[in-house]
Ligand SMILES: C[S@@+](CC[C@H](N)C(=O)[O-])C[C@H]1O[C@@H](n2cnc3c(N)ncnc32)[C@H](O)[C@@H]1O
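So this first bit is one chain, no partners, the form predicted alone, shown in structure tokens.
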Amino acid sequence: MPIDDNINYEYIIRYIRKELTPEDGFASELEALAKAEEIPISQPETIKLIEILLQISGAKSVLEVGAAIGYSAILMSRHSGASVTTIELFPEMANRARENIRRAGLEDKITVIEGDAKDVLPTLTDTYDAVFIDAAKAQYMEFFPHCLRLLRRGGLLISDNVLYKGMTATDELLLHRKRTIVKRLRMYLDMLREDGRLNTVVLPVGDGVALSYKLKD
């Protein structure tokens, strides 16, 4: 029986999380806040995987689509030293992210852009070492062309929640009201796999993570 939106068995999740290096009190506070208010944030093993990938790749700049309360941006920047630009649709959430980033002492490393990523992404011109997509799953395909344009050759595109409670992998779990989201996620994964500029793997971590390495422009 999985917990949260994790696609793995509960005993596996509990064991993996027990083996993770504990975060400090502030990160734990954000995790508790997100749980209490049902705010979607990256699961602990997912964000740890991303932290390590950023460390291995030596990423200095990260673009995140979907800030929420700033949890993942804070941990990505804290553990890799990278500068993070994160986009958040909802004004109240963007303000909370900025406050949490200030409390973490990372105002100089993390920039929050308030707005719809569909409108914001086309205006960006900087190149990033990594792009992390963790926003409205039905819109991943719309984000993709802009994210790929902004990602440097040799960079990482990280897409979260792509297995979506297992529903992406099998119709046996598919809820009728989620059919559109799942259909679009499947199309997005096909898009990643078929794009000759990328080398992609889907991992059963958290709610499913797609890792794509940009081979060429």
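This is a predicted model, so every value here is computed, not measured. Counting begins at 1, following the sequence as shown.
The protein also exists as the form predicted in complex with this ligand; that form is not presented, and the subsequent description refers to it.
K.L.:
Quick check on this chain: which one of 185, 158, 192, 41 has a heavy atom within 4.5 Å of this ligand in the model of the complex?
P.N.:
Contact check passes for 41.
K.L.:
Consider the chain as shown here, without its partner, and state which of 141, 136, 124, 106 has a heavy atom within 4.5 Å of this ligand in the model of the complex.
P.N.:
Of the candidates 141, 136, 124, 106, 136 is the one lying within 4.5 Å of this ligand in the model of the complex.
K.L.:
With the partner left out here, check for me: in the model of the complex, does some heavy atom of residue 163 sit within 4.5 Å of this ligand?
P.N.:
Residue 163 lies outside the contact set for this ligand.
K.L.:
Taking this ligand as it sits in the model of the complex, is residue 128 in contact with it (heavy atom to heavy atom, 4.5 Å or less)?
P.N.:
It does not: once this ligand is placed as it appears in the model of the complex, residue 128 has no heavy atom within 4.5 Å of it.
K.L.:
Does residue 150 reach this ligand in the model of the complex, with heavy atoms at most 4.5 Å apart?
P.N.:
Answer no; every heavy atom of residue 150 is more than 4.5 Å from this ligand in the model of the complex.
K.L.:
Is residue 68 one of the residues lying within 4.5 Å of this ligand in the model of the complex, judged by heavy atom distances?
P.N.:
Residue 68: yes, in contact with this ligand in the model of the complex.
K.L.:
Non-hydrogen atoms within 4.5 angstroms of this ligand in the model of the complex: do 72, 90 and 116 all have one?
P.N.:
Answer is yes for this spot.
K.L.:
Which is the contacting stretch out of 41-49, 54-62, 166-174, 150-158, given heavy atoms within 4.5 Å of this ligand in the model of the complex?
P.N.:
Only one stretch qualifies here: 41-49.
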